[in-house]
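Quick setup: one chain, the form predicted on its own, written in structure tokens, and binding and motion questions come after.
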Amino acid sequence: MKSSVVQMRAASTIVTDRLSRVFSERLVKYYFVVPAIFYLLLIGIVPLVFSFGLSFLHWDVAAHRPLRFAGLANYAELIRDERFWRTFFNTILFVIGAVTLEVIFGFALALLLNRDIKGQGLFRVLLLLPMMATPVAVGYTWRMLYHITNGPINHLLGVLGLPKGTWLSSGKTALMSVIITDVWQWTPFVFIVLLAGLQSLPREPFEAAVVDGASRLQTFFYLTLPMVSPILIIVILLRMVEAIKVFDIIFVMTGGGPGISTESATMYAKLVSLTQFRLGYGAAIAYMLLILSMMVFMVLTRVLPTEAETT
């Protein structure tokens, strides 16, 4: 009996020693990040790997055909798919137009409010309001504003004696109208980030420029722009990443029409995947968009000046 008690105590001591080693102070801090890593893998990496594998399969759910290996057939079909390239071209036009205008207007507003102006806090709140609305609500609002017969924009143009616009009804103006809506909503994001960047700049170089008699344009091009460029580049890349995924505003305002004049690549991927239920081909569209986007961003990061080059 006594020997069994001794053996139990020895076993308990061994277990305690092993637990103390496993949960030592050096290792326990890593255990706290395990749930976060598991969560990221679950919602990020696993779907990414699954959809990548799916892009090499034929999985036509609507036709009730069996799942079979396709190799590169989906990608070969995609290269010949004129509609995909048209939607990708629409996406590129949307990104270039929207991001360019947002940066110009956002930077101008940031420069304007980076001064001692009465009611500056009120202006900031008012300018941030569009960003707080959901893209679906913004899309419905602007669709009513653009309405040909009952929209207030055409009513105002009629009062001023100007011709009424077709806005969302014409393939020539629909994409531009959607771009205007996106610019209205996301210019405040560019504005608030650049305003924070401007207010963090040191005052000494600007005071020295005033003493040296530099004009406002010289101060802007030789001091303000180079010093705020790292933040400006980050803002441009962030907005491009978001703009290239555009879906909700276009879906609500035009549904991709007239025809496919405003259809984005993400809308086409949704159409193929969730309307035609060609899941393998839809995954191939999504990955092709990802590859092309990465190529564009790699080119941009090489073309745009780095922080070391701007300082």
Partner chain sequence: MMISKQARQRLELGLVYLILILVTVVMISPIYWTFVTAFKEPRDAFTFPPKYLPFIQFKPSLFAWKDVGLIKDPTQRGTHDPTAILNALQNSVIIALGSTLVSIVLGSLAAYGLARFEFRRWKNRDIAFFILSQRMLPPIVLVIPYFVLYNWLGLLDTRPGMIIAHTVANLPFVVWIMRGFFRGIPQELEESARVDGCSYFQAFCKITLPLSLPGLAATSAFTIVFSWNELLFATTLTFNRAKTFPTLIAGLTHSGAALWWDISAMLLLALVPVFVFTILLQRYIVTGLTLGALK
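What you see is a predicted model, and the numbers here were worked out from it, not measured in a lab. Numbering follows the first chain given and starts at 1. Just so we're on the same page, rigid core means the largest C-alpha set that superposes within 1.5 Å between forms.
What comes next is about the form predicted together with its partner chain, which does not appear here.
Against its partner chain in the model of the complex, the set I104, Y222 and T262 makes no contact: no member has a heavy atom within 4.5 Å. Contact annotation: A208 falls outside 4.5 Å of its partner chain in the model of the complex, judged by heavy atom distances. Not displayed here, its partner chain is kept clear of L300 by more than 4.5 Å at the level of heavy atoms in the model of the complex.
In the model of the complex, its partner chain sits within 4.5 Å of a heavy atom belonging to I192. Shown alone here, F69 lies farther than 4.5 Å from its partner chain in the model of the complex, counting heavy atoms only. Screening 73-81, 170-178, 92-100, 111-119 for residues having heavy atoms within 4.5 Å of its partner chain in the model of the complex returns a single hit, 111-119.
Residues R115, I117, K118, F123, R124, V125, L126, L127, L128, L129, P130, M131, M132, A133, T134, P135, V136 are the members of 114-136 with a non-hydrogen atom no more than 4.5 angstroms from its partner chain in the model of the complex. Relative to the superposed rigid core, the position of the CA of L72 differs between this form and the one not shown by less than 2 Å. Relative to the superposed core, L162 undergoes a Cα shift of 2 Å or more between this form and the one not shown.
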